[in-house]
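The data below hold one chain only, encoded as structure tokens and taken in the form predicted alone.
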């Protein structure tokens, strides 16, 4: 496997509230569609996966939540599928509960004949065992930066499964279960090999225990206007 890229210096970081403000400005004021940002987030994550494994090595397990972070994971899956990667796709919840943009990607993947395993509760966890055993890489898109409070089931158990798998992990924007401001675990938290920070890196990846969860942090603007990232960051 190719080693993940490392940054030579600590990047400029932002709080969760500041990143949410930048996102809102890009979408609501500038008019950049959320679906476009999600597409580029997925591409950034897929590119990171391509540095860690090849299509011939084995399947990638993409673990998605029901929110926008999960949509980024589903978008990454679309790119990886086009590049010839075998995939296992998991959604922690019901597909009927997906927000609009994640639901769009779920529909695309289903029309490409890629099954999505729904894990709405811990009763479905035994169905995750085979994908975990077969995969060579895991993409963590379970929880986004807006998550607050102790991680609940079934995501808490899924995080434990990911950590116990021994497989390399790419976290989308922030390791699931890690507080984006303090760097403290909110119960179980994903221990990532690489974190792909979207827009700007969150301060929680560098504060407290954050570095031990985030691994190597790489940053992608996902086409958020440069002026917003420079002036508001």
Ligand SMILES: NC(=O)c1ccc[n+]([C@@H]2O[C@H](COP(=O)([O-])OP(=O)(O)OC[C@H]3O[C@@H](n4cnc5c(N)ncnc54)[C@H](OP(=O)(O)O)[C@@H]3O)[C@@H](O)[C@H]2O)c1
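This structure is a prediction, so every number in the text was calculated from the model and none was measured. Numbering follows the first chain given and starts at 1.
Below, we refer to the form predicted together with the ligand, which is not included among the displayed structures.
Considering the ligand in the model of the complex, the lone stretch of 36 to 44, 187 to 195, 203 to 211, 53 to 61 in range is 36 to 44 [heavy atom distance within 4.5 Å]. Taking 127, 96, 107, 150 one by one, only a single residue has any non-hydrogen atom within 4.5 Å of the ligand in the model of the complex, and it is 150. Interface residue remark: residue 146 is counted as part of the site for the ligand in the model of the complex, having a heavy atom within 4.5 Å. None of the heavy atoms of residue 178 is located within 4.5 Å of the ligand in the model of the complex. In the model of the complex, residue 67 approaches the ligand with a heavy atom inside 4.5 Å. In the model of the complex, the ligand lies within 4.5 Å of some heavy atom of residue 155. Residues of 78 to 95 that come within 4.5 Å of the ligand in the model of the complex, judged by any heavy atom, do not exist; none qualify.
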